[in-house]
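Let's start with one chain on its own, the form predicted alone, as structure tokens.
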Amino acid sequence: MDTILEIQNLSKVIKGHFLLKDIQLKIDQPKVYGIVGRNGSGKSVFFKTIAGLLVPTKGTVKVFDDHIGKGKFPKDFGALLDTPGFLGHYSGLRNLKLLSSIQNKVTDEDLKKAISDVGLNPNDTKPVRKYSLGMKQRLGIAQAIMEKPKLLILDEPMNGLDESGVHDVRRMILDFKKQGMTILLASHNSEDISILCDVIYKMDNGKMTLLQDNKPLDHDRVVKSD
């Protein structure tokens, strides 16, 4: 099987401080990989480095055998990083149309489906500035999946969601995995990690260690609200 993500000797240093330190990681199976750790442990920096938004101080990042960094961004990739930022005076669909025009890989129907898949109405003309925090989070997930990526990064995707929204996103993540996506997930909610993740890593002071692998998932807990 082709390698999905390969990271060798990855370090990121800013002002003499190691944000990431000698990380080694190889992923070649489409699973859900959980990343846990306190605030400031390096999770978000790690994700942004994979996305090509930060250049490593040392080491390499390869996504589907392509080197990432220095203006090179991953292909077949989607991400929800930080708080989703959209143009507040446009509708959700209009925002996704503008973002999708960069690569022009998907149709309007694809965008509408992505919006529907996250529980929003693609025909809603309401401007995003009137969205609740949970609606903006859902739209952020729609943006991450709209181009049907093979590798998906979700950094705290449950932020701002009510209990119903959390269950919806959990089901979505499991559906994405069934479709063959590889997912890297960070969440401060230990239940999200225990329910959804096949493999769990811990970040601490920029270092990554494997906590658990090939763990059976408790799918009944995902759908308990049905």
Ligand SMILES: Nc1ncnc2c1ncn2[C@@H]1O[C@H](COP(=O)(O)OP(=O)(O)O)[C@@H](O)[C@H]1O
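Numbering starts at 1 and runs along the sequence shown. Since we're looking at a predicted model, the values are computed, not measured.
Absent from the display: the form predicted in complex with this ligand. The rest refers to it.
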Interface check vs this ligand in the model of the complex: of 34, 56, 42, 52, the one with a heavy atom inside 4.5 Å is 42
Non-hydrogen atom within 4.5 angstroms of this ligand in the model of the complex for each of 14, 19 and 38: yes
Region of this chain that lies against this ligand in the model of the complex, out of 193-201, 159-167, 44-52, 172-180 [heavy atom, 4.5 Å]: 44-52
